[in-house]
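Before any questions on how it binds or moves, here is one chain, the form predicted alone, in structure tokens.
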Amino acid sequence: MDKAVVDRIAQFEGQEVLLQGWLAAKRSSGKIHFLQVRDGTGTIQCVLVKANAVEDEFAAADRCPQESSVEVVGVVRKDARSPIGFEVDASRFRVVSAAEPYPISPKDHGTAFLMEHRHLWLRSRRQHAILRVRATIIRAIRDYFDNNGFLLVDTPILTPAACEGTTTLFELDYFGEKAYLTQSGQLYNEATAAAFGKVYCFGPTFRAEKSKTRRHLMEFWMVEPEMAFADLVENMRVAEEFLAYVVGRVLDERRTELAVLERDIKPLEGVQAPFPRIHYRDAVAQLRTHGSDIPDGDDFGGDDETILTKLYDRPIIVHHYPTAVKAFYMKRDPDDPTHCLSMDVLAPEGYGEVIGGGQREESLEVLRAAIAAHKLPEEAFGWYLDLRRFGSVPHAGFGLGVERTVAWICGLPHIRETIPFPRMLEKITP
């Protein structure tokens, strides 16, 4: 007898198999139990008929509480009424561990309650769909870069200095010295790009932003490619090609999950390169035309991004943001130093920035002045300045936040469902 899993159940048609999982739901008609068994890969109905079952096993199935761990033996057969096309004609049933009364019932629960029971909420059909889409997005990210000449490198999680800004750092003690949880692997990526040409890092990043918006987490995952001998134009080309590839993979592999989430896929099918490219000044003009009062020179807020992206049917690339609102390492536009060679990719449907990046400053003198202007300690960036002393070249890169991307592709109203255990302001459990 083979051990079967639900997502590959078709290959066992007509065979007797062992299923191991959890009892997600059941209904009975006295002489028949209809058992919904979830094994982590999917859910299948197992039909246990009293006349064909061991008496005490049939009785055990009748008493078995929701989310008890169970084993079922039976023959796999086709069933056109089943959502997956198959069910199991069960002959044996065993309770591995009976569950206590399950706190998440079919009735509606508030978000606060579900977040307190996040460790159990993960078992629901909706959360399964979201996290399977997330897994496909992560696999597609790696495949794109691995297949396009980028080398995966690992950058530190503990860092001695800020990358994005000193006000959003998680500080900790490092054997008597100050250290911080990383905001980004980018600075280290610039070093590895100078060694290997095209690289990417992929890992957790941390921002101590006191924000409760639907777009922010304190801990999130980011992929960051960096390219030597690349400018802003090449950076935008790679970003749009990459993002279109990731969305395409989800559409190819996860339509069933998107259907569970009731996601309208037409906007996703429109994610095709090229994306519209809009200079910051033109974007501000468009925003003002459509009701925003944003001053020229300010960074975009969530409302501004929403207004702007609703004017287009696909992601857009806004470039040449004001130098004053971007990080110290961003290269200034030689023709207009008040703006820099930066770019953000904004997702449609109000989801906003999913990619941010640009061309980096390669001049030692200019970079040193920028560090001083941002009141950062130059001694912490000695190694970073060395990259401009020993074979500096034009280089560029960007970062994509996985959780924002999952929220957009899945059509979720809040980022908290995009990762198994979200870390939010005033929320670090479970």
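Model, not experiment: these values are computed from the prediction. So that there is no doubt, residue numbering starts at 1 and follows the sequence shown.
We do not show the form predicted together with the RNA, though everything after this point is about it.
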Any non-hydrogen atom of residue 229 within 4.5 angstroms of the RNA in the model of the complex: no
Does the RNA get within 4.5 angstroms of any non-hydrogen atom of residue 220 in the model of the complex? yes
Consider residue 210 of the chain shown here, and say whether it contacts the RNA in the model of the complex, taking contact as heavy atoms within 4.5 Å. yes
Hey, in the model of the complex, is residue 113 touching the RNA, heavy atoms inside 4.5 Å? yes
Looking at 250 to 258, 142 to 150, 72 to 80, 170 to 178, which lies within 4.5 angstroms of the RNA in the model of the complex, counting heavy atoms? 72 to 80
Should the three residues 84, 266 and 318 be counted as contacting the RNA in the model of the complex, with contact defined as a heavy atom within 4.5 Å for each? no
Name the residue from 370, 385, 393, 47 that puts a heavy atom within 4.5 Å of the RNA in the model of the complex. 47
Option touching the RNA, based on a heavy atom within 4.5 Å in the model of the complex, out of 289, 338, 272, 105: 105
Heavy atom within 4.5 Å of the RNA in the model of the complex - qualifying residues of 22 to 57: 27, 28, 29, 30, 31, 32, 34, 36, 45, 47, 49, 51
